[in-house]
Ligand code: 0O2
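Presented below, as structure tokens, is a lone chain in the form predicted alone.
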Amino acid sequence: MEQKSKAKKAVKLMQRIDSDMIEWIQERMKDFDLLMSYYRCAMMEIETKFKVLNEEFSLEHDRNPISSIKTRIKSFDSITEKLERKGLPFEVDSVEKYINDVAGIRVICTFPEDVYLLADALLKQDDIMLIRKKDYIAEPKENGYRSLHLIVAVPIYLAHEKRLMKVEIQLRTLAMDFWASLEHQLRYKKDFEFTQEMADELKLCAEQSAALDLRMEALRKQVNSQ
């Protein structure tokens, strides 16, 4: 009888623990979903700023410096994996404080000059705060990757508060984006051995793409000078 009583108490305790755990997870997910909505708002703010700049430059220079804009929010799985790699608990504060690329925008430009033109114009705006800048165009990665990366903070205005949210921005040319997309597909293809010879060939392709960018930009300047 005593053992049955202990067993019943243990079952009730486990049920209560499970209930508490479920409630804890649900509360965390509500907070997480709310935070993701803030990141989406920040992403829209930055996207709008680039669209406004594109419109202005199209009138001023009679051409559009932006070919396309892509946006994305980091998935729940990617966020939890990154927190785990950093040895951080799954808390909303950890996400907001330590992960800079939850919200991401990729701006595809026509020419290399446009990358810096747009980046400088954005960073001059008084509500944009630069957190980090990495110029992989001036100093490409070892594999040949080229792009200008910015981490910025932008304010979003809610019903009762203003919040600063971080957004990762990648600015690159059409040629840089074409190379990066294909490089990722080839390098991380499942059940396939990626050799050093292939890596060397991809790096050579990156250098040729960069040379093409410069030649096309030189042609544009010739056209404009006439």
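All residue numbers refer to positions in the sequence shown, first residue = 1. The shown structure was predicted, so the numbers you read here are calculated from the model rather than taken from an experiment.
In what follows, reference is made to the form predicted together with this ligand, a form of this protein that is not presented.
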| property | result |
| --- | --- |
| Touches this ligand in the predicted complex: residue 124 (any heavy atom, 4.5 Å) | no |
| Contact of residue 101 with this ligand in the predicted complex (heavy atom, 4.5 Å) | yes |
| 4.5 Å heavy atom contact, residue 110 and this ligand in the predicted complex | no |
| Distance check, residue 94 to this ligand in the predicted complex, heavy atom within 4.5 Å | no |
| Residue stretch of 192-200, 50-58, 165-173, 33-41 approaching this ligand in the predicted complex, non-hydrogen atom distance within 4.5 Å | 165-173 |
| Residues of stretch 58-78 in contact with this ligand in the predicted complex (4.5 Å, non-hydrogen atom) | 72, 74 |
